[in-house]
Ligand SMILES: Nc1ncnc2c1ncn2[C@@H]1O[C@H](COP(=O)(O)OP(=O)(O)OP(=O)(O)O)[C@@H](O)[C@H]1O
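Just the one chain here, laid out as structure tokens, in the form predicted on its own.
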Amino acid sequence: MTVLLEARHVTRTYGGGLLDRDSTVALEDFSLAIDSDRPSVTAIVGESGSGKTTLARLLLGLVAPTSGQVLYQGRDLHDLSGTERRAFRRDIQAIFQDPYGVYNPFYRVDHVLTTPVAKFRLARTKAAARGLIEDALRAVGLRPEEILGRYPHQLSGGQRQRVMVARALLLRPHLIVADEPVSMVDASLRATILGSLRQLNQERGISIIYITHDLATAYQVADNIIVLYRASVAEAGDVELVVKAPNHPYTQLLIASIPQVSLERNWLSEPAAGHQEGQGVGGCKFVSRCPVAMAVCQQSKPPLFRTELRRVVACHQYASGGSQPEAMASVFASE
């Protein structure tokens, strides 16, 4: 097994310096390994402020961890040589949330496609470069003659986002980190973009880290899922297990909050669970909202307990069965 990208006990905090004494933990003790030999789609799910975007920035090398390591082929990102960093930039691509903010409005759309072709010397001639770009656009369901030569404002949000998928595809990466790629796109286009990502995984062997607050789309496209709550992993494992039969009380709350199609629309009449910040000193972060909280939850933070072959849960109620704390990466490595 060859590990392409690994986060090893990564923690990222902000603040706490000379001018800002208060610190915020954006991500805490997070571990994950992406295997280059087995392409997969891993969804990172959680509410706003859970640490999803911080994780994306750490994996892309845009920020450094406060503690722990992010490794590319076994090497710390911040120890890479120039050649290794160039390979990292080609192998690990990003698709961001805002499909308009990544464009320069003074350049035609062609610019975001021709730049990586030239920078990474993907083609020897202009004709060959044009052919690569057209193939990439067609691969994500776009017609080159309708896209090339236009300015960003002349394209729809869905078209702009699919151009960014095509840009990532040009470099033939091994991993795409997609941070909320469909949150600013019309519902009618979400399935098309997600279908393109899934197709890249199945037909081209590209792994995807799909970061979202939407459990429904995560279930659509992912093989594995990691549920974050206030910077920590609440539950992780096979997406079928986690979504259809959630173990952690927070995951259960997320599933229950998905509106169901009903003539009575009962979900509107039911009060939402209140969000109360705070926890016991050193205790579980979810204790103030948990319907099954115990005394131990106030006193100590739960480790990840393996409840099934391909699932771990950070909840003390699963310690009584004799489960031993597990590393999350080992769950995704299990068959």
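Don't overthink the numbering: it's just position in the shown sequence, from 1. Since this is a predicted model, take the numbers as computed values, not measurements.
The following text describes the form predicted in complex with the ligand, which does not appear among the structures shown.
> Wondering, does D91 line up within 4.5 Å of the ligand in the predicted complex on heavy atoms?
Replying inline: Contact with the ligand, no.
>> Can you tell me if E180 lies within 4.5 angstroms of the ligand in the predicted complex, counting non-hydrogen atoms only?
In response: Close contact exists here: in the predicted complex, E180 approaches the ligand to within 4.5 Å, heavy atoms only.
> Is P65 close to the ligand in the predicted complex, meaning a heavy atom pair under 4.5 Å apart or at it?
Replying inline: No - in the predicted complex, heavy atoms of P65 and the ligand never come within 4.5 Å of each other.
>> Taking any heavy atom pair closer than or equal to 4.5 Å as contact, tell me whether G51 reaches the ligand in the predicted complex.
In response: Heavy-atom contact with the ligand at 4.5 Å: present for G51.
> Looking in the predicted complex, is the ligand within 4.5 angstroms of a heavy atom from every one of Y103, V112 and E134?
Replying inline: Not a single listed residue reaches the ligand in the predicted complex, so no.
>> Quick check on this chain: which one of A43, A26, L59, L304 has a heavy atom within 4.5 Å of the ligand in the predicted complex?
In response: None of the others qualify; the residue that does is A26.
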